[in-house]
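Before any questions on how it binds or moves, here is one chain, the form predicted alone, in structure tokens.
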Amino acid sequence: MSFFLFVPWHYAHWAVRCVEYGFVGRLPLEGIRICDLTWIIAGPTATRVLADFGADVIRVEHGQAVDAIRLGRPIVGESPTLNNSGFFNYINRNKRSVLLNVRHPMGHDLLKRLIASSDVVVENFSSGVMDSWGLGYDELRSIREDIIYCALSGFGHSGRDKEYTTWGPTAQALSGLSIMSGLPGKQPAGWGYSYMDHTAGYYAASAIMMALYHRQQTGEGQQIDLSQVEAGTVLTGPAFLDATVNGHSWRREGLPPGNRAWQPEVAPHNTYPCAGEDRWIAIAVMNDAEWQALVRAMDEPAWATDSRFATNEGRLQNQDELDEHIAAWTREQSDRDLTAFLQAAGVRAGLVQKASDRFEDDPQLAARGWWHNLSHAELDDCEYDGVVPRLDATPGELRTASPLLGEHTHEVMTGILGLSDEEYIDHETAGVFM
């Protein structure tokens, strides 16, 4: 009896959950349940990381307002369904899906019961949506006192701009990242893809882990308010300091640097064309010794012995001509063969890989067993990328492909929330599971 008096309740809760689900610590997050209210990319990226390491991630979906990524390309097959999006399949592996109309009073009640049985609630709606559902943080705490609530939004849930809506590229622009991209003298390039959605997802996964650790130590839950714009702003440190301390604009002569090095300033440092269509190699020379290694690898052409290129200072002053000479040499080489050759010669080099290169021809990924095959009900066998990072004692793993829409509704409602089959049918008839 005294043993239980000295063991915090949250440790006992953890142990009961592990026994309940037959977990033995094989994965570090086994026994943790996530009520996943996320959609698109940012939120699902966070819950994918947690699911890869054993968390029971239950996606709450609504068939009348499906996640747009379920309809996103690439579509596998001749016509789209709600289950054959390659993108959705990629970002939602290892998760379960339930259909639940949370606007229906009975559905709203079931959602609260699911939250009560969960350790974490994650959502990436606009600020105010959860409050409109009557499920703000105070209400969540009344359902489960130690709940961890993670909200990902463009500007966060406070401040002047909290009501603004954003998308990955707009969050990048607002954070200051987009104006830092591109080439000198050219307009900002930005990123066409939602870089900040993924970045915010990784931040959120890290924050949830810290909150779980804090709860394990104290028994207390907490709210995580993550702004995608702020997550991007922290990546602009050098430019931010240069502007605030020195009064310098990022977009001035020579900046942004494109593929050239800015800090430290070294040359050659660029991406060069190779033989074939749209084939490239990145080469970075950090000091004079590495420059001499590159000269030897190029079989000491006459131009490379020019005194203008003997020092880093000289190479920087004549960088355009230097890059033209190197490009003339690389243009005749295979990117893959040249990478191996330069690496063997002591030169930092890497081919610029396309998706097909990484999937079909990358010997390093093959050697590390990076690609995994999982069976999907509509997509048949699918290849998935591996789990990052690799933990030696408790590595993550790929267990299931992405869930079909509502695939686990009956399983969760009866197995976790305890509905009888009769109650399940009553709820289904009332339009709750849709």
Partner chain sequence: MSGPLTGLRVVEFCDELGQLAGKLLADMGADVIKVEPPSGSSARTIGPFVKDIPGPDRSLNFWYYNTNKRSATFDLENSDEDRAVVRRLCLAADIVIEDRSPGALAAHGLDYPSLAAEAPGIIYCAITPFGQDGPWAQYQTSDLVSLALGGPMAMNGYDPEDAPGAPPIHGNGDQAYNTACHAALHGILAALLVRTKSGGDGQYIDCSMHEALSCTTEVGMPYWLYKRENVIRQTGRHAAAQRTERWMYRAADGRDVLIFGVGRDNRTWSDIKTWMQSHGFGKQFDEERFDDPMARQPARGTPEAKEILAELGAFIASQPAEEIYRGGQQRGQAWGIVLAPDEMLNDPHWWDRGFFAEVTGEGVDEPVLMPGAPYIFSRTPWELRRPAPKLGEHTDEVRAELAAP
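Remember, it's a predicted structure, so these values are computed and weren't measured experimentally. Positions refer to the first chain, counted from 1.
Another form, the form predicted together with its partner chain, is not on view; read the next lines as being about it.
Note on contacts: among 101, 312, 118, 194, the single residue with a heavy atom within 4.5 Å of its partner chain in the predicted bound form is 194. For the candidate set 188, 301, 136, 254, a heavy atom within 4.5 Å of its partner chain in the predicted bound form is found for exactly one residue, namely 188. Between 349-357, 128-136, 317-325, 107-115, the stretch whose residues reach within 4.5 angstroms of its partner chain in the predicted bound form through a non-hydrogen atom is 349-357. Its partner chain is not drawn, but in the predicted bound form it has no heavy atom within 4.5 Å of residue 60. Contact check for residue 227: a non-hydrogen atom falls within 4.5 Å of its partner chain in the predicted bound form. Its partner chain in the predicted bound form comes within 4.5 Å of a heavy atom belonging to residue 74. The closest non-hydrogen atom of residue 385 lies within 4.5 Å of its partner chain in the predicted bound form. Taken together, 140, 403 and 433 are entirely out of contact with its partner chain in the predicted bound form: none brings a heavy atom within 4.5 Å. Contacts between 205-228 and its partner chain, taken as any heavy atom within 4.5 Å in the predicted bound form, involve 205, 206, 207, 209, 210, 211, 212, 213, 214, 216, 217, 220, 221, 222, 223, 224, 225, 226, 227.
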